[in-house]
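Just the one chain here, laid out as structure tokens, in the form predicted alone.
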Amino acid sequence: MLLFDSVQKIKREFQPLVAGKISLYVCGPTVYDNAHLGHAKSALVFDLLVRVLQTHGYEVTYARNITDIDDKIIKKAIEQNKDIKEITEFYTDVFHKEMDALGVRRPNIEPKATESLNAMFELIQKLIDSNHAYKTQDGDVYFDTLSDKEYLSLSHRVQEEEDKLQRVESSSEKKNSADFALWKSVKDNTLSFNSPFGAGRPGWHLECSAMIEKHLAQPNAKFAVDIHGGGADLLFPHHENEAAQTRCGTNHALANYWIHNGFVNIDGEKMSKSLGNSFFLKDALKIYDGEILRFYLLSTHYRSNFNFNEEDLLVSKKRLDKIYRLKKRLFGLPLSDEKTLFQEELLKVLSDDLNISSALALIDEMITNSNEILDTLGKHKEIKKEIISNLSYIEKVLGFGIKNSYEYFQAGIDEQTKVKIANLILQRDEAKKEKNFAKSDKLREEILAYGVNIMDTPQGTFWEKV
């Protein structure tokens, strides 16, 4: 398997630290607001990566953190006059539900910053003891960037003089302009935690390094984890600072492979709350089914910037529709685990740095060929078994085609109307059993009036939106 390493800027053949096992850490959400499309894109990318790795037979331990200590959370709690825990638990629950709607599977480990404070204290103390960190008179603790000869080796960034001056002005107690906070002292009534360094809160960069050490790092390993990932905006300063802390505070580097997904743009403009175009996922899910969004957001290679617009989304939906129309032709037949050449080819292209374009092209070709075969050789059970197996494989590896094929085409009908249609179908079934065909025909017309088609199959009566 080949993965593009964001640090070395090349595709590298993947070799795990431990044979057959993989550790993956991805930076998760700061739970003070609803998830936006950028969060969705990142979560989907790493869900796909985990699926592909597991299909190769690897045992994957996937950790994605929850940042529940942050100035933005405190600000929200004050604005809404609520307890901080109430804010974080509410938005954590919302995030989980929205990820479920996208078909994003939960990570094996989901550590919270509030549950990892002792690990943070230990790492800070190690950095102080090794002269990589220092405490100021105000009670803050900073990482000394000049003490790390490899600082900026991750992002290959060169500090601009103007940037340095701005950083100096932000804190007169820092030794160096680029130094960043490991522990921030708190002397007012806002949220603080007791620590060996005084009352305060941890620096954001510190949280991930500490959680990785606590949950994933192996003793005497060259790297703490196999893969560390997140959005491209995290490469600097977040991941750069994480790497520096871990490198200087432990006996290993942070990650062997670094993977970053591209930005999400809204109609060509970079998504940003400051620009007022942060398209919340909850708003998109009100209009589009989660699987439709999943298919669309994954349809562009993960390293490319993604331009979200509704015209492209509707074109993408038609591509997903084809999977379900093929699935509908085989409705009611038993699942099959038959291995096929298509499955080998699909895994091969996805193993080339998650080459989604080639994967979708293969799927399009398979669907076209399968429909042609069913048109001419539809009675052959072995042919049907192979197609069903291919569809099941797509569902497992890509998360596409997971729904009942008839229910998928009910999208756009509200729940109240669905209940009414279901009741009418039950009444019609009873009328047919009683051989009251006049009543059955009348009920059929009532159902069709909702703008749907109905199909009578050996498995029962199903309907879909016209």
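Residue numbers run from 1 along the displayed sequence. Please read these numbers as outputs of a predicted model, since none were measured by experiment.
Another form, the form predicted in complex with the RNA, is not on view; read the next lines as being about it.
Student: Does the RNA get within 4.5 angstroms of any non-hydrogen atom of K432 in the predicted bound form?
Tutor: Contact with the RNA, yes.
Student: Hey, in the predicted bound form, does F263 get a heavy atom within 4.5 angstroms of the RNA?
Tutor: Because a heavy atom of F263 falls inside 4.5 Å of the RNA in the predicted bound form, the answer is yes.
Student: Check whether H39 has any heavy atom within 4.5 Å of a heavy atom of the RNA in the predicted bound form, and answer yes or no.
Tutor: Yes, contact at 4.5 Å.
Student: Would you check, heavy atoms only and a 4.5 Å threshold, whether I454 touches the RNA in the predicted bound form?
Tutor: Because a heavy atom of I454 falls inside 4.5 Å of the RNA in the predicted bound form, the answer is yes.
Student: Can you confirm whether W204, G231 and E372, the three residues that make up this candidate site, all sit within 4.5 Å of the RNA in the predicted bound form, judged by heavy atoms?
Tutor: Every residue of the candidate spot has a heavy atom within 4.5 Å of the RNA in the predicted bound form.
Student: Considering K286, K149, K318, K379, which brings a non-hydrogen atom within 4.5 Å of the RNA in the predicted bound form?
Tutor: Of the candidates K286, K149, K318, K379, K318 is the one lying within 4.5 Å of the RNA in the predicted bound form.
Student: Work out which of A361, A199, I78, I383 lies within 4.5 Å of the RNA in the predicted bound form, going by heavy atoms.
Tutor: Contact check passes for A361.
Student: Heavy atoms within 4.5 Å of the RNA in the predicted bound form: which of the stretches 28-36, 400-408, 55-63, 418-426 has them?
Tutor: Result for this chain: 28-36.
Student: Taking the RNA as it sits in the predicted bound form, which residues of 414-450 have a non-hydrogen atom within 4.5 Å of it? Please list them.
Tutor: The stretch touches the partner through R428, K432, F437, S440, D441, R444.
Student: At a change of 3 Å or more, would you call the C-alpha separation of K322 and M455 in the predicted bound form closer or farther than in the form supplied?
Tutor: Closer together, which means the C-alphas of K322 and M455 are at least 3 Å nearer in the predicted bound form.
Student: In the predicted bound form, do the Cα atoms of Q427 and N404 sit closer or farther apart than here, given a shift of 3 Å or more?
Tutor: Result: farther.
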